[in-house]
Structure formats: C-alpha cells, structure tokens
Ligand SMILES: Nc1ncnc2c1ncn2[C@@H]1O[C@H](COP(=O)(O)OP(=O)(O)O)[C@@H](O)[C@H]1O
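Next comes just one chain, in structure tokens: the form predicted on its own.
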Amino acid sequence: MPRIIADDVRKAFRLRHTHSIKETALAAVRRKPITTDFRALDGVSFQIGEGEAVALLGFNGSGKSTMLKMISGVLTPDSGEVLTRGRVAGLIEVGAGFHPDLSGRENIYLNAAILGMTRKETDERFDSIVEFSEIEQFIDTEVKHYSSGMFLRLAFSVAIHTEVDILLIDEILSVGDEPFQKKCLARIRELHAAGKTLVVVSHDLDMVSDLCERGILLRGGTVEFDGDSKRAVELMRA
C-alpha cells in the first residue's frame, strides 16, 4: 500500500520582474511584462511505497523542492492531488518552529509538538535528543544565544527523533561539521532500516544514490526518469 501518491500534480508561481514603483511604471510605459508565470510542476505523477528510500533529483528550477513541499503539506497543488498515509516529518526548513526567547529544553518540547509528538513521547526521547545534539551544557540557555551550528544540531536532533512514517529531507547534510553529518546520515539509515519511508533532495549525488535505491528525475517540471537511483544520477550527469 503506497505511503505517498502524487497524481497529475501541477503548480505555477508568478514571478515579479520589478522591485519598485518606479520600475513598475517604467515597465508599463515600455509595455514590458511586470510578471510572468513559472510552471514548477507540470503533470507529475508517482507512487512511493512503505519503506522505500527515494531521491528527488533535478537541476535548480526542476521542481524537486516544490514537490517535497507538496508532500509535506507546506504547499498545495493548483490541480491534481498529493496524498500521504501516516505521520510526515520534514527536514525542509529545519528549526522553523523554534522560538529564540525560549531555552533549548523548551524548544525541544515546542518543536516536537509541532511535529506531532505527544508530551509523553518527547519525555521518552528527550535524553536521546540532547545527547545526539552534543549541546548538553547549553540546553537551558536561550536559543538566541546559540551559534548557527548549535541551533541546527538541536533542530536536526529533534526532527530525526520524532515518531514518523515518512521522513522528508532537503539538503540536511549540507550544514554542520563532517562528524555530525556522518552521524545524521547513520541515523537516517537506521530509520530506513526500521521501515520508514524516505524522500531525499540533495545536490550530493553520490550520497543520494548510495542512500536511496530509487531516483525520480525531474526536468522542466515533469518526470523524465523514475527507476534505479544510480541510473537516475547517470542521466543527470550526462
């Protein structure tokens, strides 16, 4: 039974070409377009089964991050539909639910609740979250005093300790130092081994083809290839 279904998904964005009233007035006088429509997704369909690890591949503007946001529910399609079964957690805008005036401890409970966890679930995982983040000594300090690295470590740690069925990952391993990246990757592999469904977007093609068995290659908002991840990477590099 599928965890994710995308059925003929279409999404367009309106791009503005002017940045001020003066530019808008000049464009109007010269009869130049002030906006154009950009079709990010143009009839995308696929199904992802339980326990699959799938890479969404494509160059900038191909629609992969838009598709990931559709699956997470951050965006809705103009037409078609995206259906998910189970609890979804997105490592898309990591730490978006964090409040700077609250401590690390308070933010763990706040962000875990946003991600759908109960207080009891968070209590049970709290020590593991803090240990994984490696910032134990700062856990009762207000987050606004954290370095960007500390903030991201804690945000990652909360997200990958949530009880989920589908984990969405967008460039999560592009930040943090190398040992922490490796630890994150190992944790993601554990989740996959435990039967969680993964959907990954990353520019690190070698990591993606190693982590995911399937690749969906998007080009110009449509599916160009859907199959073996290593083949998808080859096509992208061709």
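For every residue, the number given is its place in the sequence shown, counted from 1. Computed from a predicted structure; not experimentally measured.
We do not show the form predicted in complex with this ligand, though everything after this point is about it.
- [ ] Name the stretch, out of 191-199, 177-185, 208-216, 36-44, where some heavy atom lies within 4.5 Å of this ligand in the model of the complex.
- [x] Within 4.5 Å of the partner lies stretch 36-44.
Task: in the model of the complex, Ile21 touching this ligand (heavy atom, 4.5 Å) - done: Answer no; every heavy atom of Ile21 is more than 4.5 Å from this ligand in the model of the complex.
TODO: Please run the contact check for Gly61 against this ligand in the model of the complex: heavy atoms, 4.5 angstroms, yes or no?
DONE: Yes, contact at 4.5 Å.
TODO: Answer yes if any heavy atom of Phe13 is within 4.5 Å of a heavy atom of this ligand in the model of the complex; otherwise answer no.
DONE: Heavy-atom contact with this ligand at 4.5 Å: present for Phe13.
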